[in-house]
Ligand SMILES: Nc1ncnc2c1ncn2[C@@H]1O[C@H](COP(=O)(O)OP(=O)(O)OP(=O)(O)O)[C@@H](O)[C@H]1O
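First comes one chain, alone, set out as structure tokens in the form predicted alone.
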């Protein structure tokens, strides 16, 4: 391998007759003047006499490169030539000498580039692309720590340097983004990240709108290397296992929750909530009763005035008088602040919706206790429900951690200890969208900008990084970028990472499970194939396999019922139809029964006899 063509302080071209280059691999350029610099292959191509170089028109084979190849002895129109464009890892003071040799490094030469921590000290996320040919120089403790997975092949051995993320550096470079389109491996990568977090026992809360972050089932191939994830995570259902203590809400909290429950609320509704809500005093019952009574007062305002000015007032019993007096008092106190009954009814509709979901029947004490135990807490629910919860929970936990850290610095006593923790969510653009408000957006922005000081971190995954709030995106110091197709998202990724133009051009074509990891911790972008997950998602089964299995199970269940009725004639099938359905515990069409009996006859399990009254089916 030789340096050919022209060189700069940042790039060189390297050619070889025998060896094909691998994208992302590291090469050592044997130029003593620059202390043998290293570079990464960012573009590569092979040519032979059937596709002569002189006919090609691209950046790899411009006239300067052709001239350089000739100068070092390549016959460009007769022999096979493998050519690579190499980006130097450090800018040099002068260009590399043309004609010097290049070679593959050994582990010791690239250890500082690739390895910040050993496996026991960091998060083992995958295998660095382009390191397969130098993997034989790895020390024993770095081998087989990141097995890979290939569909239809199962678990494969680690074929390169392991990528180990130094999570302790999050103290300086705190937050992480995971970007990728549908089918890119984004959710799989998030699963691997969370497995490593559990192994290191880092307290974490995950908002799971897809009901897939379950770690109970060990993946095939890892049965002999089981990590007890079951004891390291807890799953809670929003509105059932965890909720919001109404007495802890501030006016801002309540307004935000109502917005999340039914879209944006009007300015009049916002003012009404803040006017009639009494923080730290109101329970759900007291606020609901006041709201309901105020609606009643608006609806009966004319009736109240008529009664007060008529002889009928004196005829009312004490209870009715007190009711009307209370409604009149509410009108006097709130009418100018609220405006109209429709405003209150909009609030009541949203509040009733939240109550039906059970949001106010629980608190978050189980989340707090699990984080104290250094567990991963998965909170499940629909997107809209999690949007209601996320802002409140994130704010409550962040404030709890912040109060504890501030107390340590000021010497204040009495604050309960609370550990550092990570907040994780998929579909992050729904929780902190760009361009408009959302209940969790404010606290997510605050954590993105200030959380590092208090040991609170974000891991935000999304298919649409361009829809994620710009301020938050800019604070994601580490980004895992999987296959991305939309030009707007690619543009955002290029703006927010150090991904090169060559890497950007590869984004739409990355294989599933491969990601560019751009991180201030690393100082450069590295292509990584995510390791095999140790656990499986509840949604990992192919839906068409599930459909076939479902159909087969249904036939087996029906056949087990029909066997007891054989022999069966056509008339008897109609006669026993209701009885068969009751035993089956589900509806079944008569035609389905005939079809199954015909199928059993073709399999030799049933004998069919034709009679003057139609077919009759008998056991064999």
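What you see is a predicted model, and the numbers here were worked out from it, not measured in a lab. Numbering follows the first chain given and starts at 1.
Here the subject shifts to the form predicted in complex with this ligand, a form of this protein not shown in this document.
Three-residue candidate spot 182, 187 and 530; every residue lies within 4.5 angstroms of this ligand in the predicted bound form by at least one non-hydrogen atom. The closest non-hydrogen atom of residue 513 lies within 4.5 Å of this ligand in the predicted bound form. Within 4.5 Å of any heavy atom of this ligand in the predicted bound form lies no heavy atom of residue 484. Mapping the unseen interface onto this chain, residue 151 counts among the residues with a heavy atom inside 4.5 Å of this ligand in the predicted bound form. Among residues of the shown chain, residue 430 is not one whose heavy atoms approach this ligand to within 4.5 Å in the predicted bound form. With the partner omitted from this view, the residue of 131, 463, 343, 518 that lies near this ligand in the predicted bound form is 463 [heavy atom within 4.5 Å]. None of 368-376, 383-391, 328-336, 522-530 except one has non-hydrogen atoms within 4.5 angstroms of this ligand in the predicted bound form; the exception is 522-530.
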